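For reference, the chain that follows is the form predicted alone, supplied as structure tokens.
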Amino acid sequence: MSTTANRPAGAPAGGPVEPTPDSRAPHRPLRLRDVHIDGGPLGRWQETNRAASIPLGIKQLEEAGNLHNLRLAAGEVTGDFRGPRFMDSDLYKQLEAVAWEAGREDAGELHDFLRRAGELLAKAQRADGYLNSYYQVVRPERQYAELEHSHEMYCAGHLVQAAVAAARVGGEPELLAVARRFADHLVEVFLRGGNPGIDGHPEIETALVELYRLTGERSYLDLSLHLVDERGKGHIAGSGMGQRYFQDHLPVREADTEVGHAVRALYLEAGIVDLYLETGDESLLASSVRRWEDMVATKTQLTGGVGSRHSHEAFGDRYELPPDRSYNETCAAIASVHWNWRLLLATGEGRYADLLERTLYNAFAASTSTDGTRFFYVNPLQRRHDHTEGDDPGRRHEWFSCACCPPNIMRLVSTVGHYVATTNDDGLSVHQYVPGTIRADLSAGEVALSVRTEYPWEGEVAFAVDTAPEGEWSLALRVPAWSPSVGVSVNSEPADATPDERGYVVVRRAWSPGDTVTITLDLTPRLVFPHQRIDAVRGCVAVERGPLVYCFEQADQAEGVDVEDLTLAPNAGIRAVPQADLAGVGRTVLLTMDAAAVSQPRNGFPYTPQPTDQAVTSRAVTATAVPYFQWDNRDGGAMRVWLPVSPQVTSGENS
């Protein structure tokens, strides 16, 4: 077994995705500590994650039984297995979050948790490398006999990712040793042993590629490619869920659209792009891009959320994007970030950074309460008054019986700086705008930048060059597709602000310490309208400002104005109202606009031969919107992103 690492011994810790030097990636990610975020929403999320979310997660692992189950497997305790069969994966995601957080800012107690967990896992692991508390404790005779829903390789994948994280931040070596023993076992069973099975829940594929990148062990890469090549051959067809649910209906190179369980589909895509990067198989990248383009055009919510069906947590048909019943699982948003990042590394195209930003600031950010202690599993774009009452009012929860989302949130927040910038042969590219510092090693030498910005509340981002090598190099700054105009200045002098074909303004010159670059994006609020095939919101309009989607909560409307009666004119003027701090929400920018509140008599059967615009009364009101990611932090009332376009009526009169 090779132990040759792809990063030189003693080099600073890397991040979650670290393609080998020989990969096909034209863009190379920075190391974990190369980006320091010291403000803005992303900086606040990281502070809250460290102070509140991660301690909550560690506590919940004890209370929910995740650690208890592994102690059962280790023979340390007696009793019954608790929770669903994939309970181990929640621990592994939590371990990954802890590892990245410990690497981001040193913390002895976090390293101690990693050490204790590694010791427990080593004790629970069988001599042949197998490790799964459910199948060791509850159904040992069914090992690998129920791969369609066993999650055995899925859990192994999250273990591997946790171990890679711990290794890259200098954590306890026991975790990596456990993960490698399990990975070697999987190689013997599924690559060399002839077992034709694939896991019903993809995730191991991307994890094995990263383990290969860390260790240089080729068999991990070969197993990942084998598992991707076997998908679509009907190995798990008899599960009762259907082949499309498992992405087992077609070989990956032939599929044109995303189907089935959304999280599984996008974890698989991340692995497919990883494999392209390391093998150079263009057919893998081409098929993944083809599905990405279809998903963006027909299966993605305005917030970046994906997976429109509660049934099977799945993608729906093309344009099946209801606001109120859309599932939009938080884990699917996280998987989308992972996939888009790898596509960006593979191509350098700004459209992937655009979708990553949309997803990060909206579908993902909305998943967590302002104080970091409550979470959404499902992220709809509308909550009716009816859903605010009863046993489950549709609000965030502290934890879940199926707790895949909270620790997944924590591991992404710990690594969010990883997605800010990359290097290539020509220089440094900045994909996401955050205040703080960025450093990078270019071929010519070290670059260090300081970044000042109030993004996304304000559109100006100022870069100061602190360290620069001799000679010319390029600084590329993304121009988001939502910005209709852009301004760029270098040392306070206007510069060419024409984006290149990738969507970036590129400034190339010989830089000196003290040089400054400022990019100004257009944050003018805008109305957006849906494609006419999206039946659920046809005739509606939504509001955006910069990367933020806005929503209308009942809490912000004037007394007597029901959010479910609001309508908006297609040419409504929108006003930005800065708020230093909104109670329960934090810093924000509200949007207000002239709107109408309509009412229609209830005469029994809610259908009439009279067109709606002839049946309603309307009065002029002011509607107020808050960023979608800040919703549900106050009274838990009704909310909606999409408003109907105002009927052609005179304010206060019948049409």
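The first residue of the shown sequence is 1; numbering continues from there. Keep in mind the model is a prediction, meaning the values are calculated, not measured.
In what follows, reference is made to the form predicted in complex with a further copy of the same chain, a form of this protein that is not presented.
In short, of 397 to 405, 301 to 309, 88 to 96, 434 to 442 it is 301 to 309 that has heavy atoms within 4.5 Å of a further copy of the same chain in the predicted bound form. Residue-level contacts in the predicted bound form: of Ser287, Asn424, Gln243, Gln143, one residue has a heavy atom within 4.5 Å of a further copy of the same chain, and it is Gln243. Only one of Pro530, Gly232, Gly83, Pro499 comes within 4.5 Å of a further copy of the same chain in the predicted bound form through a heavy atom, and that residue is Pro530.
A residue is said to contact a partner when one of its heavy atoms sits within 4.5 Å of a partner heavy atom; Arg358 meets this definition for a further copy of the same chain in the predicted bound form. Using a 4.5 angstroms threshold between heavy atoms, Pro55 stays clear of a further copy of the same chain in the predicted bound form. With a 4.5 Å cutoff on heavy atoms, Gln382 counts as touching a further copy of the same chain in the predicted bound form. With a 4.5 Å cutoff on heavy atoms, Val416 does not count as touching a further copy of the same chain in the predicted bound form; it lies far away. Relative to a further copy of the same chain in the predicted bound form, residues His111, Pro173 and Cys331 are all farther than 4.5 Å at every heavy atom. Contact residues in stretch 117 to 154 (any heavy atom within 4.5 Å of a further copy of the same chain, taken in the predicted bound form) are absent; none meets the cut-off.
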